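The chain below stands alone and is given as structure tokens, in the form predicted on its own.
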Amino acid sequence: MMSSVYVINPNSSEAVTAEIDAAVAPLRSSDGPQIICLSLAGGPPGIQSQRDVDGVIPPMLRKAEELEENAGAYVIACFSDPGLHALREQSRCRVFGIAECGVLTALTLGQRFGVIAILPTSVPRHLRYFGAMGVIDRFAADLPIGLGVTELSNEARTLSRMIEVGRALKADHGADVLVMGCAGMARFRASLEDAVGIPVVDPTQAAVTMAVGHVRLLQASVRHQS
């Protein structure tokens, strides 16, 4: 039996988890692996500060430990990748963070990537991460839409702000590919790409694509060896 890809939304918002589930639906296939999206019941409604990021790590690690027996890979579905390296230490499985995977995917689609953040307070956190990744020389800018995670449910306002910021990243900062800086933005990807006219990466789709590929290759290797 093929192991599952567990997509863990470290906040407690079932609405965000439902958006993630819908976004990764095209990556599901009858021959697996199963993609299971879940929320962290003890997490905050949205992860919007460094304190939020740090606070969800212990409960997320405990949840992953509960899932370990049937896991083939984990995806941490928060753009701050909380607990990414801790979970890699803890688990025998491959672990993917959506920020890391989103940026790495963007680098295959353009020369300079721009990021659409939710709040201004998110930007310094993202910049620290991009510096640690060593991708600043390919980085255009990171601009916020000024809406919190729970406010993304207002679709018209959210898309309007994302288009405005996306166009600024392209015209004023030279971005030729965009990364959406929140897992809750998934449903806007296609509309945003059409409006701005450059590739747009949904980071959760990017991470799950990588996770599914790794699980399938690992399972094929096991079958071949047996």
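Position 1 is the first residue in the sequence shown; the rest follow in order. Given the structure is predicted, the values throughout are model-derived calculations rather than measurements.
Below, we turn to the form predicted together with a further copy of the same chain, even though it does not appear here.
- Heavy atoms of every residue among D31, F96 and R112 are located within 4.5 Å of a further copy of the same chain in the model of the complex.
- In the model of the complex, at least one heavy atom of Q90 sits within 4.5 Å of a further copy of the same chain.
- Within this chain, A41 is remote from the site of a further copy of the same chain in the model of the complex, having no heavy atom within 4.5 Å.
- Shown alone here, A156 lies farther than 4.5 Å from a further copy of the same chain in the model of the complex, counting heavy atoms only.
- Remark: Q205 counts among the residues lining a further copy of the same chain in the model of the complex, judged by a heavy atom distance of 4.5 Å or less.
- In the model of the complex, E65, G83, H85, A86, R88, E89, Q90 are the residues of 65-90 with at least one heavy atom within 4.5 Å of a further copy of the same chain, listed from first to last.
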